[in-house]
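First comes one chain, alone, set out as structure tokens in the form predicted alone.
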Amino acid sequence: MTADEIAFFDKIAPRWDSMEIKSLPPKVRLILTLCGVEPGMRVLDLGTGTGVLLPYLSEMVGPDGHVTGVDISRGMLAECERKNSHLGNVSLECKDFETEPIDGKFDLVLLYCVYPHLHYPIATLRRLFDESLAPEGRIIIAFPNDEVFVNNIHADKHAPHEPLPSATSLAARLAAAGFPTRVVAESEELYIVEIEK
């Protein structure tokens, strides 16, 4: 992420949750259920932002599981810490996960509402696949809406690359890059693509 992009997220962090209109509790629970979050899992939430997913993930993995939230924006992480510091099975890290390694192996790596912000999507997914996934682990790319909604939001300078393709097209692109990929959900209300180890 560029310095300008980080500055944008730092600045908008205090207002972020009021702008997040699609990640309502029933939708988030449905997405995480479809992603296969289970008790005891180690989950990596990349681009965790203000921690929209963290309370749900913490509850779903339970006391025997753990959730690591990673974001490059200190402003976002400050809001996240303010809201979620009481969650005993959650830890936060400030890193650029596209360029910095993340310690540990995870059963589930989540990129929730993050994919359009990746500067090196295939290389980043390859490194996560090779370095961060536990045996039989999975990477999930998910949104609480379709690509049309996402692309309308990102029709400005804050998304570094091309528009988000449909879930089917993204899965085909990732499969062509050598990832074992499938579409979990594709509708106006759900977008979930899975890469399985």
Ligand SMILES: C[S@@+](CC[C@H](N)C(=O)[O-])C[C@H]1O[C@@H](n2cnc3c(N)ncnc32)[C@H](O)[C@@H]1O
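Worth saying up front: this structure is predicted, and the values here are computed from it rather than measured. Don't overthink the numbering: it's just position in the shown sequence, from 1.
Form predicted together with the named molecule: not shown, discussed below.
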Which of 42-50, 164-172, 56-64, 129-137 sits within 4.5 Å of the named molecule in the predicted bound form, heavy atom basis: 42-50
The single option of L108, C80, V90, I72 touching the named molecule in the predicted bound form, heavy atom within 4.5 Å: I72
4.5 angstroms heavy atom contact with the named molecule in the predicted bound form for E188: no
The named molecule contact at L125 in the predicted bound form, heavy atom, 4.5 Å: no
Heavy atom contacts to the named molecule in the predicted bound form at 4.5 Å, residues of 88-109 in sequence order: K95, D96, F97, E98
